[in-house]
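Shown below, as structure tokens, is a lone chain in the form predicted on its own; questions about how it binds or moves come after it.
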């Protein structure tokens, strides 16, 4: 499998080189590219991972060690006048297609000589929720595994539509950004969060992905038309969803972002074995520079999701959820030390008591990385998760589990 991964990488990079040379010969304006290759050693002492049909909190579990090509991503960008185009393609371990897209969008940024300006984005892209995943191809400069909130964003959330920003720049160099978006193709968001719960990982679903659902917890018996896999980016009911929010970026106070999201899905619609899930939530994030050049990033999310017919005022699946995290990071020359705490909850309110989607848990993440010559980064990370999910009893496991993951990564930025 590892050798196959290397062959895919070589083919992928060779193909991209041909595309770039062809574009250069045609004088394609301001064409650029960059990316990353991530090679990973992992040792886990955990339950079967969610990607394997289990209810473990990591993508892959068991008591095992693994060496793999974790991910290879390529970011292609073209700029002409006030327009720009971005395509992000990647190979990742156990991805449904060997090479697929995570983002592809056009952006319009007109030049403005006033304090008020606007820009727009059209295509497939991440909603502006994460303040941690700001690196190449939505990676994080702080940790290998994303927070519980951002792990879920990577699994199920993507904007297929248009996003508009209105900015106002104050004389103090502070900036206020009000934004809104309309989208399709995100009707199943909430499926994984309800049936497997929160997770910690660094996998972002791709355009054609199909993700495994937990086995043996009564999904098929309660919902016989549900497929064995969830398709995160599919349109079920032809209803537009939306989100809107505001970002304040202040030199003195830091960065704050508030967002409200509602996919407006019909919870009784079904298409190709995929149910519509009506999901809405509030997201709040902040980033501050503390004394001693310590960066703090805090995030919180609270919302609900549901699907199926109403019975006595309750849907077949009706789940409230919330999560919060706080990260501290300190950079010293080429070294960076980061620690993050996550807390997460799902509360079941539905009319199917045998389908237990309750969960509580917390997680600690410790990461040390250092970067050589700006292109070679080495990461060492430990993830510890303590969680209680009664649905594990259906898989003949204890509801309460403590899980541990050790990771060493070598990343090349090119």
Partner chain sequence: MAICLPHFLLTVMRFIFRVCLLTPLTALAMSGEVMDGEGAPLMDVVITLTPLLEDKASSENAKKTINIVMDQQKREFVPHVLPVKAGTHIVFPNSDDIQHHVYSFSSAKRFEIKLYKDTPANAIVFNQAGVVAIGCNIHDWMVGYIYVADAPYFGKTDASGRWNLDVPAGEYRLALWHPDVKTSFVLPNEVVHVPSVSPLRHSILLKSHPQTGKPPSSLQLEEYAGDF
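Positions refer to the first chain, counted from 1. Just so it is clear, the structure is predicted and the values come from calculations on it, not from any experiment.
There is another form of the same protein, the form predicted together with its partner chain; it is not shown, and what comes next is about it.
- The three residues 30, 107 and 139 all sit with a heavy atom within 4.5 Å of its partner chain in the predicted complex.
- Between the options 210, 93, 280, 165, the residue in contact with its partner chain in the predicted complex by a heavy atom within 4.5 angstroms is 165.
- Checked against its partner chain in the predicted complex, the candidates 351, 348, 360, 377 yield a single residue with a heavy atom inside 4.5 Å, and that residue is 377.
- At the 4.5 Å threshold, heavy atoms of residue 341 stay clear of its partner chain in the predicted complex, well away from it.
- Proximity of residue 71 to its partner chain in the predicted complex falls outside the 4.5 Å heavy atom cutoff.
- Although the partner is absent from this view, residue 318 stays clear of its partner chain in the predicted complex, with no non-hydrogen atom inside 4.5 angstroms.
- Interface residue remark: residue 304 is not counted as part of the site for its partner chain in the predicted complex, having no heavy atom within 4.5 Å.
- Comparing 30-38, 360-368, 45-53, 58-66 against its partner chain in the predicted complex, the single stretch with non-hydrogen atoms within 4.5 angstroms of it is 30-38.
- Counting a residue when any of its non-hydrogen atoms is within 4.5 Å of its partner chain in the predicted complex, the hits in 154-190 run 163, 165, 169, 172, 173, 175.
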